[in-house]
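Read the single chain below, which is given as structure tokens and is the form predicted alone.
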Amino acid sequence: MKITGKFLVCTLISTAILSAQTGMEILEKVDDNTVVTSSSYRARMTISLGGTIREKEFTGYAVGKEFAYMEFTYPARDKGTRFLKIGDEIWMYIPAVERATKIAGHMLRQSMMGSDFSYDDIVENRRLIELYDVELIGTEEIDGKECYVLQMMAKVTEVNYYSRKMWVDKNMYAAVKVELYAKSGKLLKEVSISDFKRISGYTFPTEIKMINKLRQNTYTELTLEDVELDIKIPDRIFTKAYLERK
């Protein structure tokens, strides 16, 4: 009995280690599909607020996790509104003010342009495997897709969400659903990804729905078009001079 008990303990430990390693391998493949060297795109946001629909359009550029630029082109009242991210800092330019204003740190998790996405949600381009410990906790079918289910807990302090639960398509190694939680365990947001495009070797999400659980009767759908990945983007785009151009 003593030997059998030791064998059982060793088996359980080995299984736990294997599960953790498998979860890491899955998340690494997800990162490989979504974290890009650079990108450019056109985007459309459809915002539903209590049944009222608003649409906004913008163009965007990004290089790594350090640089991002967005400029709104529609509707007319938002046209020319721009955002610039350099490192951990984000500036906003409004044409009527004619100068850039730095967005305070606590504001980065607030609604961007009335949507369910925060500023951080939009510009995030970091490898999750560097930010979270991950465990494979099972499998589940989502919209007809067989998925791995990953539980992720923050291992660094600089994260937007303390924990995440992610459903990963077994064939594409792409997340089709994500739940985002606060440290308290409260569900903050739910993300659904319904369409992907194969671009430059990536299986890249192009139809994303965000539901902010802290707001009532609201959701935002983000559609990306004309996506180009791993391309050369002029350095001048990521400067305050370009942000504040007339």
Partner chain sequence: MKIVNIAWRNIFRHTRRTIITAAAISVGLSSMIFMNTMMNGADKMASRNIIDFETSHIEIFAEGYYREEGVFPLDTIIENPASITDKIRKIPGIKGITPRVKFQARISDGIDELPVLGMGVDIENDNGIFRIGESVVAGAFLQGEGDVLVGENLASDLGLDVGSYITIITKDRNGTYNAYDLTVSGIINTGHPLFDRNMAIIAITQAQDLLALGQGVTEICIRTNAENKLEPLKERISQEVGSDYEVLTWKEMNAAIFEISGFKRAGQFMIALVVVIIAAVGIVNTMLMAVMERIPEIGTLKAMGFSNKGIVKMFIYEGGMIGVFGSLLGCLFGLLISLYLVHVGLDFSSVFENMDIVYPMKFIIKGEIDYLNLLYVFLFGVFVSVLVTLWPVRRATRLEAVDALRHV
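This structure is a prediction, so every number in the text was calculated from the model and none was measured. Positions refer to the first chain, counted from 1.
The following text describes the form predicted in complex with its partner chain, which does not appear among the structures shown.
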- [ ] Counting non-hydrogen atoms within 4.5 angstroms of its partner chain in the model of the complex, say which of E71, D78, D133, D120 makes the cut.
- [x] D120
Open item on the list: So its partner chain isn't shown here. In the model of the complex, which residue out of T206, T203, N212, S40 has a non-hydrogen atom within 4.5 Å of it?
Closed with: N212
TODO: Using the partner position in the model of the complex, report whether Q151 sits within 4.5 Å of its partner chain, counting heavy atoms only.
DONE: no
Open item on the list: With a cut-off of 4.5 Å between heavy atoms, is A182 one of the residues that contacts its partner chain in the model of the complex?
Closed with: yes
Open item on the list: Would you classify T139 as touching its partner chain in the model of the complex, given a 4.5 Å non-hydrogen atom cut-off?
Closed with: no
Open item on the list: in the model of the complex, is there a heavy atom of its partner chain that lies within 4.5 Å of any heavy atom of V159, even though the partner is absent here?
Closed with: yes
Task: Answer range among 30-38, 192-200, 213-221, 58-66 for contact with its partner chain, defined in the model of the complex as heavy atoms within 4.5 Å - done: 213-221
TODO: Sequence order please: the residues of 184-199 with a heavy atom within 4.5 Å of its partner chain in the model of the complex.
DONE: S184, K186, L188
